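Only one chain comes next, encoded as structure tokens, the form predicted on its own.
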């Protein structure tokens, strides 16, 4: 029976690679999973006050549908957070979603049409390209300079009459790069000049190791900024699926999408009410776990980057945020491409990473992504296996 062409275009390398891991596990061998950025799977646990808020909500029968746009008190708490980061919004500019992924889906559904184009930094987080293609558009990668800043000349050269939006992911997944104030302002100015939506993903906003994080709100002014954020990473609520969309209240150009995107929220009824109440506790409760999390991640980042750069065929920039490293591999004659390298690494060592071309063929090729969330001893073991694999004889 027929399947729609748009579904066949959907790819998500981070989870697609698990199909191969399941085959490996059938042999009874153990895998070191370095492919999915889920801190709760490791030794980063949801803070007790957030868990208790969820339990209390369920116990006190907050188990019904709530407003499709999201619980008003949560939207107010989101306004408090994003206002501190510089974005001008009211509760009416916030839409609560089932994770950032649903927010991205709703946003792309609202602005992408057949043959339109969306700009995104290469390499990019895979769902950005998949949703654009799903709605008939074309993802267009723009280049970053060796120091992680946007290549403005390359970006401008790729803007056409079909371009609808510019995506910014900072801190970036998969590279861990963080755009500074100047870079963000340059991107916002270019987008505003060409009447492009600015879709900015700040899900890792508090997980920055070097320097300060600058939110898009600091430079947004009256530009058409659509911010995506959520609770999965910083608040360790990955399995709970809670995120949000914010639209710059200073921008009159967003009026159409501000009126229409809630229709998509109403169609899917509402998001999980007990989780929304727990999200309020996350935003307004103790934040002590965040600096401890950053400190732990910094140590693990330093360990992995040091070990990677000690392997002769691998080079890796130092990520400034999030919890990913994106090393470049000299494939030589042993591997046909980066996916072949990743699958060979899995089958020979049991270390599961993600092929870089899954994050965009233009700038992800010849790389692979490593998640450095596990404890140091596990990361050391994985790096030992990787080093022996790369330096070992070809079969």
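Numbering follows the first chain given and starts at 1. Remember, it's a predicted structure, so these values are computed and weren't measured experimentally.
Keep in mind that the form predicted in complex with a small molecule is not shown, yet the notes after this line are about it.
In summary, the region of this chain contacting the small molecule in the predicted bound form, judged by heavy atoms within 4.5 Å and restricted to 277-285, 100-108, 192-200, 305-313, corresponds to 100-108. In the predicted bound form, the small molecule lies within 4.5 Å of some heavy atom of residue 241. Although the partner is absent here, residue 169 sits close enough that one of its heavy atoms falls within 4.5 Å of the small molecule in the predicted bound form.
Heavy atoms of residue 324 reach within 4.5 Å of the small molecule in the predicted bound form, making it an interface residue. Although the partner is absent here, residue 173 sits close enough that one of its heavy atoms falls within 4.5 Å of the small molecule in the predicted bound form. Though the small molecule is absent from this view, in the predicted bound form it lies within 4.5 Å of a heavy atom of just one residue from 214, 248, 232, 271, which is 232.
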